[in-house]
Every structure is written in C-alpha cells, then in structure tokens.
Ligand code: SAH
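Only one chain comes next, encoded as structure tokens, the form predicted on its own.
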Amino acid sequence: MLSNIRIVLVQTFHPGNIGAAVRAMKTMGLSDLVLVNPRQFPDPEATRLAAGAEDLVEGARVVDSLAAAVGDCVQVVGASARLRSLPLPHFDEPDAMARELVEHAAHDPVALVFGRERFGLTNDEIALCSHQVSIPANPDYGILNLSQAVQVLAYEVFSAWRRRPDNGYCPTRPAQERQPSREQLAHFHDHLSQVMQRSGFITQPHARTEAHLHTLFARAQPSRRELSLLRGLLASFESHLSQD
C-alpha cells in the first residue's frame, strides 16, 4: 500500500532538498519519488544529503510535466496555502487527508505534490490536483522548508497506514467502483469541452466556465463507472449533433 503513495517534487531548485526529502520519505516507508523538471539532477549534493536513502535518489524518475507525473493517480493532493480562486476540495487537517489517501492507495496510485521552494505550486499546477492540503502552522511564521513539509505529510500518511485495524490489508474493490485516474478525467474534460463548443453552449474557449466544471467534478468524485456513463452521454450528444 505504501508503495502506491508517490511523492512529486515540482521544479526543485536546490538539489540538497531532494536528498533531504528522500530521507523524510524513507523514514516513513515511502519509496516512489518523481521529479518534475528539477533545476539540477542528478547532483552529488542530493546524494550526500540522502544519508542512507541513496537508493531513493537513484530510483527517482524525472518527467517534464506535472501531468506526466500524476496521470495514473486516482487522487492527487497539492500541498499549498488554500487558494480560494481554485475551490478544489481542501483538507484543513493533514490527518484527514492522510486517512483518505491511504484508503485510495489500497487499490491505486496516489500522489502528494510539493512545489518550488520559493513560491510553491502555480494555479495551473493546483488545477491538475484533485485536492489541496495545508499544514497548520504559526500564523505569524508559517514557513516550512520543502523537506520539512514532506516529512510532516509523510508522517501523517505513515500514521494513517499504521493505525488501520487491518494492518494495511484491504479487500479488492471492483475496478469500476474505484476512482478514475487523472489521465482518464483529463480525457473526460477534453471530451466535455468539445461537446460544449460543438453544441453552442460556449462559442469560444471559456477558461472560467471550464474551471467551474472541473471543480464541480472534483467535488463529485465520480467513480470509473460513473465517468464511463458520462462519456457515453457525451457520445450520444455528439451523434445527434452530427445528424443536425
């Protein structure tokens, strides 16, 4: 189950923070690291600060976009300050986030996403997440180093896993009852956008309308079966549009 929980670091500037982050991961039983466009990697500083977790540094995957890092994940939680301009489902308490993440990880990959050291995740990157989480901190000084943030949330995840009464075992759920991957949801949103434009519901790309719909489906959290039903409905609309 813990192997299904991925840590994603976006455009890390200091390679030493990658090494410190993998130490935080390994102490909490996490091993899947994906780096999105790191400024400098591989780097001796990352290996040096890994201090016993060098295998995680060596096994890290490097990709060129956040979408590529999380496409197969069914839940993607972005660690950030709460952004009300992007009203995704938000966890105010990390332990609540961890319990839900562990439940999904029993069957499918999930991810915790951390942004740049200086300014975190962009709005576009948060929009690729299914949820946000914030770490409660001193309102007068709520600044955490990247590896510290990884340590806090990794600890919450490990604690949630450890406290499961079944010691991490979870009966298999039918695939169609599980959450769709981010890639499957992206295909759905592309399909929905095409149908809205062809039908005349929107006459030009309208980012705000589409953002609201993304938020609506993020809150609804449709299962794979429900998403398939929605795709079938869109296909039916398309066939009628073609006849007009």
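Because the structure is predicted, anything quoted here is derived from the model rather than measured. Quick note: we count residues from 1 along the sequence shown, nothing fancier.
What comes next is about the form predicted together with the ligand, which is not displayed.
The stretch from 111-119, 156-164, 96-104, 67-75 that comes within 4.5 Å of the ligand in the predicted complex, counting heavy atoms only, is 111-119. Although the partner is absent here, I135 lies within 4.5 Å of the ligand in the predicted complex, judged by heavy atoms.
In the predicted complex, the ligand sits within 4.5 Å of a heavy atom of A79. In the predicted complex, P174 stays away from the ligand, with no heavy atom inside 4.5 Å. The ligand in the predicted complex comes within 4.5 Å of no heavy atom belonging to L128. Contacts to the ligand in the predicted complex (heavy atom within 4.5 Å) from stretch 136-152: G142, I143, L144, L146, A149.
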